[in-house]
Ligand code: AMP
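One chain comes next, on its own, written as structure tokens: the form predicted on its own.
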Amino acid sequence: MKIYNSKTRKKEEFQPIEEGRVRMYVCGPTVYDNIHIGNARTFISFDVIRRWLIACGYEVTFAQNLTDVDDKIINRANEQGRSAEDVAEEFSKKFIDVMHKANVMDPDIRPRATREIGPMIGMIKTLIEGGHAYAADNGDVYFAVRSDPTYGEVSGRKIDDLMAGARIEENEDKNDPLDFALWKAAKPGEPMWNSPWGEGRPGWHTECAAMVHRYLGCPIDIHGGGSDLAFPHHENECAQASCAWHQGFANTWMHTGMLLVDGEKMSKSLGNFFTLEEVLEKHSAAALRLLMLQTHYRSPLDFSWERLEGAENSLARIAGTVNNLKWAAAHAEGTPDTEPAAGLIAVTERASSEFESCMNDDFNTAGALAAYFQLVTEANTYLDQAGSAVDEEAATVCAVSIAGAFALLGIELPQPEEELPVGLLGVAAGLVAYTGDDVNEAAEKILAARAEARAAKNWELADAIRDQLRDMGLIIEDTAAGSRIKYAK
């Protein structure tokens, strides 16, 4: 397995620190609002990465924080006349709920910043004692960026370039304009905790570093997040942890690409800003995951409602193929031709191999999905050619392989239609003078009557059977392996 390491800017053979185990941390949201689909892209991507590592046999410990104290939370609370705690609690619950709707697995560990103040203060003390941080006269504590000779390695930036190219807020309390806050002195109306430097709250960059060390230890195998976090957040996390514990922080850094909407940056001013919640009100989580995973996690992703609708249609086609394979296997008649059946087994094995190869190549979900889209096309060709003489084993193996691959990516295929209820079939049964209670027998009688009418060129009766079923919300689907009754879409 090879993973692209943002720090080294190249793919590297993945070697976990401890054989068979992976310790992984992905930065969670600042809980002041509903997350948007750009956030969701990161969380879905790392959910798939985690799923694949588990499928490969690794014991994965996955941690993701909730930042529940921050300037954004405080500002939102002040705007609404609420406490910061109330705002954070509301949007923490909403985040967890919408992750469940998106079929994102819960982390093994979900620390909240407000419950980890002690470890943060302990880390800050260690940094001050080591000469990497200092307390200012105003009650703030700052990290001394130039005390870390490796600063800039995570994001690929140099200190001199940062000084020359960045607009840095002037602050007379800092020893250096590049230094960043580890602890912020309390202001009226803000959440605050006691510390050796007076009442205050932690800086944003301080939180994750302390929580990673407490719950996973340092270094960890994988640290992830959106590309917008590489600098300054991840750079500053790494600097603190490396200087505090001198053990390294993360062996592999992973970052997801930006999400665009119809080719433009998402923003409220452009009217193209969508929350995950509102997208999932209109479309399935499976379709959204499929759309997102058709682009490699490191590449920019272009979202559009048209593409999402296309993903829904693709899902229906894939699910239809799986259902047709299973149905054809269950209703196979005659002696199957061994050569096409062997061919279907061969292309199924090829798709599975390509899927595994792509996923092991920096989690290339786009290539993995392409392999199974091709298999779906070839499976449909096989069904058309085989007719009713389908090879039961080949069709079943192919169906299981397709469904299994999508399940590994957390994409739940639409379920086949339920068995038709007796009450509905009872209405249609009058057409064929059939009053039995067995649903499947009733369906077969209806289909047989229609087939006989068509064979006798009694189009009026055949159309009447079709039309009455349609009026009840049912359709007759003619396939190479025979006909069947389904619910209309």
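Please read these numbers as outputs of a predicted model, since none were measured by experiment. The numbering used is simple: start at 1 and walk along the sequence shown.
In what follows, reference is made to the form predicted in complex with the named molecule, a form of this protein that is not presented.
- Proximity of residue 187 to the named molecule in the model of the complex: non-hydrogen atoms within 4.5 Å are absent; the residue sits far from the partner.
- Using a 4.5 Å cutoff between non-hydrogen atoms, residue 43 counts as a contact of the named molecule in the model of the complex.
- In the model of the complex, none of the heavy atoms of residue 319 sits within 4.5 Å of a heavy atom of the named molecule.
- In the model of the complex, none of the heavy atoms of residue 198 sits within 4.5 Å of a heavy atom of the named molecule.
- Contact with the named molecule in the model of the complex, defined as a heavy atom within 4.5 Å, holds for exactly one of 232, 225, 336, 410, namely 225.
- Among the residues 265, 146, 93, 100, the one placing a heavy atom within 4.5 Å of the named molecule in the model of the complex is 265.
- Only one of 147-155, 172-180, 369-377, 254-262 lies within 4.5 Å of the named molecule in the model of the complex by heavy atoms, and it is 254-262.
- Residues 27, 28, 29, 30, 36, 38 of 11-38 are found to place at least one heavy atom within 4.5 Å of the named molecule in the model of the complex.
- By 3 Å or more, the C-alpha separation between residue 73 and residue 268 shrinks in the model of the complex relative to the form shown here.
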